[in-house]
Every structure is written in structure tokens, then in C-alpha cells.
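The chain below stands alone and is given as C-alpha cells, in the form predicted on its own.
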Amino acid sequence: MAKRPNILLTGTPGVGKTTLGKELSSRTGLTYVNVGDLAQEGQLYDGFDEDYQCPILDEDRVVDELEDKMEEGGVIVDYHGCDLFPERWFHIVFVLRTDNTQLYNRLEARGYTGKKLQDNVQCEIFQTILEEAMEAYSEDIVHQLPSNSPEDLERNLEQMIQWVEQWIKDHN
């Protein structure tokens, strides 16, 4: 069995991780894992956040749940946080970035309001996820990509597919 890379797709909610991750999976054959869906299916929660009106992720249980799959390789992990995952899991980390006005509109369309909407847009303005990724992983594997338009999506997909193909050639 050929070795295949593990990829982390991260960024503020609404930047396009899920759209990109699913399409990358279908074009490369890598396994796509949306951490939010995984947590919901396995009820991997540790309480409820009243401010944001959402369940609190049980990070240890999520890591335990993913461990075997990550050891096998060939996984695309989609999550808006990145410092909960072991550094050894990923061969490359892509941080998607979106223009603040566009992000605001996307989140509003999802029903985000008030504090949740403001905090997520501020998170993007202050590059919170990018900085988190730079601190959690070796800087040479962290790459930021613009995610504002269908053209960006296609360009990002092409770059990622080329990277995956090259990684597989180099490691098999």
C-alpha cells in the first residue's frame, strides 16, 4: 500500500474549508474528515457554551478517535482550530484566508449573529488561526491560501493536487 500524506485544512469558520476539503478528497482519493461532523456523530463533547450556543468539543476524545486513521495516512482533516492535533500527524497545513467583508456575509448567511459573528470576523482580521498554526507546526509546512472566489478555490485545488502527487512520488 502506497504511503499517502495527511493534510490539515484550517481557518476561521466560513473560509471554505469544507468545500475545498470534499473536492480535494474526490480528486485525490484521500479520506476527508470534518471534525465537527465527527464530533457530532460520536457525541465527542464536553459541555455546552452558552455564549456561542454550541457544544464544547472534547479535544482528547477527538484525538483518540482520529489516531488510528492518522497513523495510516491519506487523511484530510477539516477544522477551524489546529493546536489540538499532534504535530506528527500532518505533512502539510493549509490555512484558508478570506476577505473580512466576504467572511461577514458568509457567516451571516449561515445564521451567525452578535458575539459569534463579531468574534469570528475578528479572528480573521487578527490572523488568529494562522498564528495558531505557525506556533503549533513547523513553519515550513504551514501555507496560507486566499479563499475569496471560485477562481481561488480552483487554483488552491490545483496547487494541493500537485503537492499531493509530488509527496506520493517522493515518499514511495
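Position 1 is the first residue in the sequence shown; the rest follow in order. Being a predicted model, the structure only gives us computed values, none of them experimental.
Below: the form predicted in complex with a small molecule, not depicted.
- Every member of the trio Thr18, Arg110 and Leu153 reaches the small molecule in the predicted bound form with some non-hydrogen atom inside 4.5 Å.
- Proximity of Ser149 to the small molecule in the predicted bound form falls within the 4.5 Å heavy atom cutoff.
- Looking at Arg106, you'd find a heavy atom of it within 4.5 angstroms of the small molecule in the predicted bound form.
- Heavy atoms within 4.5 Å of the small molecule in the predicted bound form belong, among the stretches 116-124, 63-71, 141-149, 39-47, to residues of 141-149.
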